[in-house]
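A single chain comes next, written as structure tokens; it is the form predicted on its own.
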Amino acid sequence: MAEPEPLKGGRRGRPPWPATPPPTPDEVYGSLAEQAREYPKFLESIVHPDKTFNKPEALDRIRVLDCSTGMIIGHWASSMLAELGAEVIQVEPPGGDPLRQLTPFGRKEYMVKDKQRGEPVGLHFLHEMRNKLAVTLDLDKKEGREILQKLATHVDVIIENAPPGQWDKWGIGYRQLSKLNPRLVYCWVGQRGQWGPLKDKPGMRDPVAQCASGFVHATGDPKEFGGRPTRSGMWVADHVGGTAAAMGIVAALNHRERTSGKGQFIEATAAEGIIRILDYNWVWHGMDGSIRPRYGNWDLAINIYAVNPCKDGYMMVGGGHDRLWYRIWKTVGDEVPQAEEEIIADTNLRNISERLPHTRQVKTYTLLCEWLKDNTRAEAERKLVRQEVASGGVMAIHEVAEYPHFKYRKQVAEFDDQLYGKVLVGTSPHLAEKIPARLKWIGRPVGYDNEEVYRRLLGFTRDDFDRLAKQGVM
């Protein structure tokens, strides 16, 4: 499939979404036997996003004060809580979080403006502001810190990512705030932590965590192929670390309600989140000191488990065990019988472990690609799935946006926000029968909720707002 044409004129150049309507239930299930369709239709009936707003919210009695800035890790953690119903108040410095200004290649046309102020904001930041109230507060100023102390008595959770010890030095750290509010769950997030020989320093960001965790060293093509260590194009460390933070917060709240009646301190870092997911790297190294090398798209432990070129792009094919392995070659053999014959005749490929040496991987992938080069992604997937082989085409974002499966499940949707208009989003993955996540609004301009939040929680008057604005505190 040809690469999509670049957008002209930013959002105004985007074609209407969806280009084709999602499939109907009859189109999805109509070809299945009654017995085969009964269970998926039952599940769809209890978790479908269309029914989300008829159900309660899991965290609707929890209030979160997210004071993190300049990193996605805290914003991601609090956005997960916000989707599950927590009242999340995003605290930004006057002028807004610097992340608001991030936009691809610095192009302002890739930002959106709200309908009331016309204030531009980058879509990455906005995507993690979902369901949050936006307030401003300058914690560099003494009066700003005093206001934070008052807010701390009204919240269940505080998230912050200041340099190690900064809040404690200011008198608003865990040791101080937990005395004001013993039920407070206090979460610090960062890249490598607040303590230890390589604790965070000012300016630490996601790429540092990716590199420090061993992830980048093992990602990319081998050195012999001209490859070099490659970080993830997404801020994967912040997202993994932020997920750990959100889980830790929910666990601490559960412990508070069921056991102790008190809050506690939580620390979650991006590097340690990634370290946790490096699977067999640790066991392998612990056994004989081996270091996982970069191996590109190929897998070190499974022969045929990679992204491969095909007629119109790239195709993932997985042969994780013998049954799948031989079904791959049965599929290939229907059109290239000599390839299947060569594989079956090779006694070195009879079991999983014998297939793993590099030269044998080269042989099998070469034979597979000889078949794939004459098949499109859709054709290859259809033929492989017929043999129950795990497979799927590599899709670009414009294809994902129009993919019938995700449109049908409403995981990709166009959200019509009262401030920002229609914005294409990835919706929440939290589907549940009783307490699903939901998207109520995309985000807010800088300080949009100052008056509502400070009046409701602290009883501020117009004089307070005028005075604090003049002092630059808010």
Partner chain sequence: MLLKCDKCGVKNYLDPYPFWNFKGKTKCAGCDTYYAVEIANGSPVRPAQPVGGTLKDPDLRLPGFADTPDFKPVTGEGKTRPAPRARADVYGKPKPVVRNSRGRLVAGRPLKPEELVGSRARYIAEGKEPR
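Under this definition, the rigid core comprises the largest set of C-alpha atoms superposing within 1.5 Å between the forms. Since the structure is predicted, the reported quantities are computational estimates derived from the model, not experimental observations. Positions refer to the first chain, counted from 1.
Just so you know, the form predicted in complex with its partner chain exists too; it's not on screen, but the next bit is about it.
Undergrad: In the model of the complex, does every one of R294, P357 and T366 come within 4.5 Å of its partner chain, counting any heavy atom?
TA: Yes: each residue has a heavy atom within 4.5 Å of the partner.
Undergrad: My question is simply whether R145 lines the interface with its partner chain in the model of the complex - judged by any non-hydrogen atom within 4.5 Å.
TA: The answer is no: R145 has no heavy atom within 4.5 Å of its partner chain.
Undergrad: State yes or no: in the model of the complex, is some non-hydrogen atom of E379 no more than 4.5 angstroms from a non-hydrogen atom of its partner chain?
TA: Taking the distances in the model of the complex, the answer for E379 is no, it never comes within 4.5 Å of its partner chain.
Undergrad: Using heavy atoms and a 4.5 Å limit, would one call H285 a contact residue for its partner chain in the model of the complex?
TA: Result yes; H285 sits at the interface with its partner chain in the model of the complex.
Undergrad: Does Y314 reach its partner chain in the model of the complex if we count a contact as any heavy atom within 4.5 Å?
TA: Looking in the model of the complex, residue contacts with its partner chain include Y314, since a heavy atom lies within 4.5 Å.
Undergrad: Out of G118, G95, P337, P309, which one falls within 4.5 Å of its partner chain in the model of the complex, going by heavy atoms?
TA: By the 4.5 Å heavy-atom cutoff, the listed residue in contact is P309.
Undergrad: Though the partner is not shown here, which residues of 372-387 have a heavy atom within 4.5 Å of its partner chain in the model of the complex?
TA: Sequence-ordered list: K373, D374.
Undergrad: Superposing on the rigid core, does the Cα of W195 end up 2 Å or more away between this form and the one not shown?
TA: Where the cores coincide, W195 shows only a C-alpha shift between this form and the one not shown that is less than 2 Å.
Undergrad: Is there a C-alpha shift of 2 Å or more at E224 between this form and the one not shown once the rigid core is superposed?
TA: Yes, its C-alpha moves 2 Å or more.
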